[in-house]
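The data below hold one chain only, encoded as structure tokens and taken in the form predicted alone.
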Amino acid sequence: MTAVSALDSIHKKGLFGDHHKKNENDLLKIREVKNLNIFHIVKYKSSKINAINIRIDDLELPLQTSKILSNKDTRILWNAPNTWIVISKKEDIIKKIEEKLNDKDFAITDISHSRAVIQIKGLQTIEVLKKGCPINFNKFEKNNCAGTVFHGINIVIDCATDDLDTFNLITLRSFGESLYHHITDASLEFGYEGV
């Protein structure tokens, strides 16, 4: 059974805002990223396990602030010291996590259905994000992430490309609709396509 996505009745496909006489490559693209498995992992303070030796889906747990390690299907985001978010398209990712992490040393929480993920892509993406987010994007690079706010809504920003034109914005499901409206409203001046 497939769950109803966070933005199922909200996200609209089509062209919006100042899209007239613009090349398709100049338009922002906004979409909801669906069917992701998202797990929050915390290493207990009492644990003696060294996280540097752990690999999930052939990926190490990132130990550097704001870093992401990724492959084709899975992204592991550093969330705080000894805290990570695993995002994967693989349905069996929980098995891979549980093979490597035991419940004596780690808390593993499935947060898949409690999150909304909005992807914004295009040349003006950073300009849109600057409208509601206090992050200094001049220091951002591919596979960086940060916890921040967008118009007062708590989000995690995940930079997915080298040219800083694709970002995944992760928020609580209950704030998904508000975040979506803020992002699409901020995108109107550049023109965007809902995909």
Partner chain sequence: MLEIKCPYCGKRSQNEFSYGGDASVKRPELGKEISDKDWDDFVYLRKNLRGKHSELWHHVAGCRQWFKVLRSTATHEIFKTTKVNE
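Note that the structure is predicted; figures quoted are calculated from it, not measured. Numbering follows the first chain given and starts at 1.
Same protein, other form: the form predicted together with the partner chain, not shown, and the subject of what follows.
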Which among 160-168, 54-62, 29-37, 132-140 is in contact with the partner chain in the predicted bound form, heavy atoms within 4.5 angstroms?
132-140
Residues 119, 120 and 126 all lining the partner chain in the predicted bound form, heavy atom within 4.5 Å
no
Using 4.5 Å between non-hydrogen atoms, is residue 47 touching the partner chain in the predicted bound form?
no
Although the partner chain is absent from this view, report whether residue 78 comes within 4.5 Å of it in the predicted bound form, heavy atoms only.
yes
Consider residue 146 of the chain shown here, and say whether it contacts the partner chain in the predicted bound form, taking contact as heavy atoms within 4.5 Å.
yes
Would you please decide whether residue 66 lies within 4.5 angstroms of the partner chain in the predicted bound form, comparing each non-hydrogen atom pair?
yes
